[in-house]
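Read the single chain below, which is given as structure tokens and is the form predicted on its own.
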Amino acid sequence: MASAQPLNNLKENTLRFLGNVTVGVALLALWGVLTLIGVVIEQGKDPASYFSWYPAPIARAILRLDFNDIYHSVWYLLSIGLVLASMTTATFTKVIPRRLPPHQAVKIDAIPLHDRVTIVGSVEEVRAGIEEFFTARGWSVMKREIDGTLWSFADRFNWARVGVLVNHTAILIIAAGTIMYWAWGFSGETAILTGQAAQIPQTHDLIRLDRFSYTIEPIMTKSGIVYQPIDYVSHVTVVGRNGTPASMIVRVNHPIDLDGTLIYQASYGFAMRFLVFHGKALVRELSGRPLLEGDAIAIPGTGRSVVYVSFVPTIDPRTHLPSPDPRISDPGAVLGVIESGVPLGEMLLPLRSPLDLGDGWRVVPAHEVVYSGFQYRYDPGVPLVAAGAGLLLIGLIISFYFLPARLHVRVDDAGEGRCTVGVAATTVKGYDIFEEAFHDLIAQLKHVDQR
């Protein structure tokens, strides 16, 4: 017995700690902070990226603490486990005992919400009348003899006491669905040039962009013409795990489902093909490769690089500056020049116009190639999260719109053919919220004629 006492104490202390409200709130806050870290810090990038974005000490800390993949880290999973343990402990040690109290005798006068009514009739008649009175008004009545005294317990919306338990269960289901995503789900993004294909790394499913189209509508406003994108459409060929190519269309807000992975239309842009000349000769190894915005061509033996900054759909013929009209009419490209790592400036060139770099080198922006930006996401926990959200809504409706109340009723013989009926009311939300309804009920009870 003595050896079991320390274990019992440890168990009680652990349950008391996990069931503490302050501890539960602190664990939720910790979970929130870790989630925020995952939002602020780019996830799943290679280590070199973090050293380029952050000072070396911070980058090393991010990698050592697994903040670069925080949703799969020990810290994150441990925080979720502690939150679930705290919630479960609080549910069974505090919520259930308070929400589902046993039927027991009370001191009528000690309950803040109480009253006494004198009714004419015998004890049996009054008890029968009381039961009929409450039953007619939607209360369920149960009798129980406690220490030789027969008590009547009238409950209304007693089932709604489980509303908070429904909420807790819903949160657990949502957490389980979220864990499923962190454990087995993935997401990412990719840009695919027209006529080219890309693989989803996690599933090896293939997506080829056959054609991309977009619709832009000029709209006149008080401040001038606004060019509103109406639709982005990617015509793709996909190859899933069955190996059979299938033609599909991806639109904004209308993703396609490829073996359970949702693929969204996220953006579009223009790559650029360049021709590089040295003297009059075309340098084939540097020409023809499409460059995305931010990509550069290093010019051999010079220390210079040409950066493709952006595509300009229309150059204003009057100002020779980019036009606000995003529709392609007189296109050009903004190019930047870097000398030994030092930016020398940027310039806007019409397509097929040469940029002289000196030493016989020329770069010509030849023609644009449209690309489509896709986001993909596989989340096996979506059904659970959806079910949990629905259950949470039901629990909130139960908790906010239904008030479980219990009346403790005791009938005592007052002599001379009369009885004193003591009534005390308890609720799960305090006494003030039920005070008006209680007094109305007592007022009706006083007019009951039991003879």
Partner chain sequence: MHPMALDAVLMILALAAYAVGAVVLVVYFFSREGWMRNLGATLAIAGCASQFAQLAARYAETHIWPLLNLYGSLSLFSAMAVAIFIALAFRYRLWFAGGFLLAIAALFLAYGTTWNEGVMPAVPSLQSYWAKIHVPLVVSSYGAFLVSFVFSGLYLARYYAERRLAPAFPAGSTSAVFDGWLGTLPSLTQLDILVYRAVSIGLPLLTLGIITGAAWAHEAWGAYWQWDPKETAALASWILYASYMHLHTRTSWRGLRCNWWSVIAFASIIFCYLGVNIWISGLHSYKV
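Under this definition, the rigid core comprises the largest set of C-alpha atoms superposing within 1.5 Å between the forms. In this text, all values refer to a predicted model and were calculated from it rather than measured experimentally. Positions refer to the first chain, counted from 1.
Heads up, the form predicted together with the partner chain isn't pictured, but that's what we're talking about next.
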Problem set entry | Proximity of D379 to the partner chain in the model of the complex, heavy atoms at 4.5 Å | yes
Exercise. Hey, in the model of the complex, is K429 touching the partner chain, heavy atoms inside 4.5 Å?
Worked result: yes
Exercise. Counting only non-hydrogen atoms and a 4.5 angstroms cut-off, does T178 reach the partner chain in the model of the complex?
Worked result: yes
Exercise. Are any of the heavy atoms in S340 no more than 4.5 Å from a heavy atom of the partner chain in the model of the complex?
Worked result: no
For this session: Using heavy atoms only and a 4.5 Å cut-off, determine which of F134, Y76, F274, W151 is in contact with the partner chain in the model of the complex.
Result: Y76
Exercise. Can you pick the one in F270, W139, Y232, Y308 that has a heavy atom within 4.5 Å of the partner chain in the model of the complex?
Worked result: Y232
For this session: Considering the partner chain in the model of the complex, find the one stretch among 47 to 55, 412 to 420, 381 to 389, 60 to 68 with heavy atoms no farther than 4.5 Å from it.
Result: 381 to 389
Exercise. Out of 31 to 48, which residues reach within 4.5 Å of the partner chain in the model of the complex, heavy atoms considered?
Worked result: W31, G32, T35, L36, V39, V40
Exercise. Does the distance between the two CA positions of R304 reach 2 Å or more between the shown form and the other one, the core being superposed?
Worked result: no
Exercise. Would you say A386 moves between the shown form and the other one, meaning its CA shifts by 2 Å or more once the core is fitted?
Worked result: no
Problem set entry | Threshold 2 Å Cα movement between the shown form and the other one for T194, core superposed | no
Problem set entry | Direction of the Cα shift between D379 and A29 in the model of the complex, where the change is 3 Å or more | farther
